[in-house]
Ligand SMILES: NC(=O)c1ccc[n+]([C@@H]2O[C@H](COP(=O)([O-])OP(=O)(O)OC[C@H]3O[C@@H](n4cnc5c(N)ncnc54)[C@H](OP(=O)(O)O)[C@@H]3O)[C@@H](O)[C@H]2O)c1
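Just one chain follows, in the form predicted on its own, and it is written as structure tokens.
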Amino acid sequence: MKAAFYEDFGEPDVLRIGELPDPELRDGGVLIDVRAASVIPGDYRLRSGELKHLFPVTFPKVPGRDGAGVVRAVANGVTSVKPGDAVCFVSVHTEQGTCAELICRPEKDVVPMPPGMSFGEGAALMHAGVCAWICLEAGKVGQGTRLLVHGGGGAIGGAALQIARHMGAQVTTTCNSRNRDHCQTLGADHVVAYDVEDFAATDERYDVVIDLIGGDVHRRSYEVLKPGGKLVYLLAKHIEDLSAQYGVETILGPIREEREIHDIVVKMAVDGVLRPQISEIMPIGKIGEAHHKLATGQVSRGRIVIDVAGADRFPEPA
């Protein structure tokens, strides 16, 4: 099979396109012809070696956490999908990723793709939706919650805006000024453009802050939380836990790949609550460029999606 892979950690130029052995259909598994794969920050951070202490890998390593494609074969006992089905799926950093023509994943990591969704959208759905849902769940966001989401233009932030609107929260987000209208469309009641405004220069106090940025943004987020509020974050830039100083709760979003959560994300997509956001579709030969763009902050809206199938346009699912 054709795949993107790297044989050592390093800069984006370590990524190659070449032939690797086809994966075998394993017990309880689903063999998938991959059409599209998304690129997430964890992909370039793992490739650079930054995360090797957390995620041991075997070389050659295929990148990619989620994707979409068509089921080629299923193992005995698999009942949720069948050959010919269009599906979304996820992988994990310690195993071979989604940026290859074929992948085998356990049944729990494969879900039917929502009707009417393109393969590109399907590839951008799962990781962003799962992360957003888990962060909002950890913050106990619900009707009337005063919520601040940092980075609402990004894939996870955009998903969080859509889901939080559905939950009935009062949503403020930070984003680049060019994404202001986009974030309002996704569900933000109020937008703070970080390139022209200071989110902390306000008397507003939030019940929950979702921090997808880290660093100084994380530190200053404590200032805008109510006493007893929750600061939920994902691993990004280094953070210092100041919860005791401010009388709030700091929570690392407990990201986990569970079938129950996958089904929730797909149902939200089917119901029209959640629509994945795509910044750009790139051919598999430009996977290195995609990593570079993401690592250097050139992507401020949605996911870069890799066209694994090599078509000018993704074929629509049957």
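In this text, residue numbers run from 1 along the sequence as written. Just so we're clear, the structure is a prediction, and the values are computed from it rather than from any experiment.
In what follows, reference is made to the form predicted in complex with the named molecule, a form of this protein that is not presented.
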**Request:** Verify the flagged residues Q162, G187 and I251 against the named molecule in the model of the complex: is each one within 4.5 Å by a non-hydrogen atom?
**Result:** no
**Item:** 4.5 Å heavy atom contact, G122 to the named molecule in the model of the complex
**Value:** no
**Message:** Residue-level contact is defined here as any heavy atom of the residue lying within 4.5 Å of the named molecule in the model of the complex; does I281 satisfy this criterion?
**Reply:** no
**Asked** Do N179 and the named molecule share at least one heavy atom pair within 4.5 Å in the model of the complex?
**Response** yes
**Prompt:** G129 near the named molecule in the model of the complex, any heavy atom under 4.5 Å?
**Reply:** no
**Item:** Heavy atom within 4.5 Å of the named molecule in the model of the complex - residue from G97, G154, P114, G229
**Value:** G154
**Item:** Listed residue that, although the named molecule is not shown, lies within 4.5 Å of it in the model of the complex (heavy atoms), from R275, H292, K286, R45
**Value:** R45
**Asked** Picking from 80-88, 168-176, 67-75, 100-108, which part of the chain touches the named molecule in the model of the complex when contact means heavy atoms within 4.5 Å?
**Response** 168-176
**Within 4.5 Å of the named molecule in the model of the complex: residues from 64-80 (heavy atom criterion)** = none
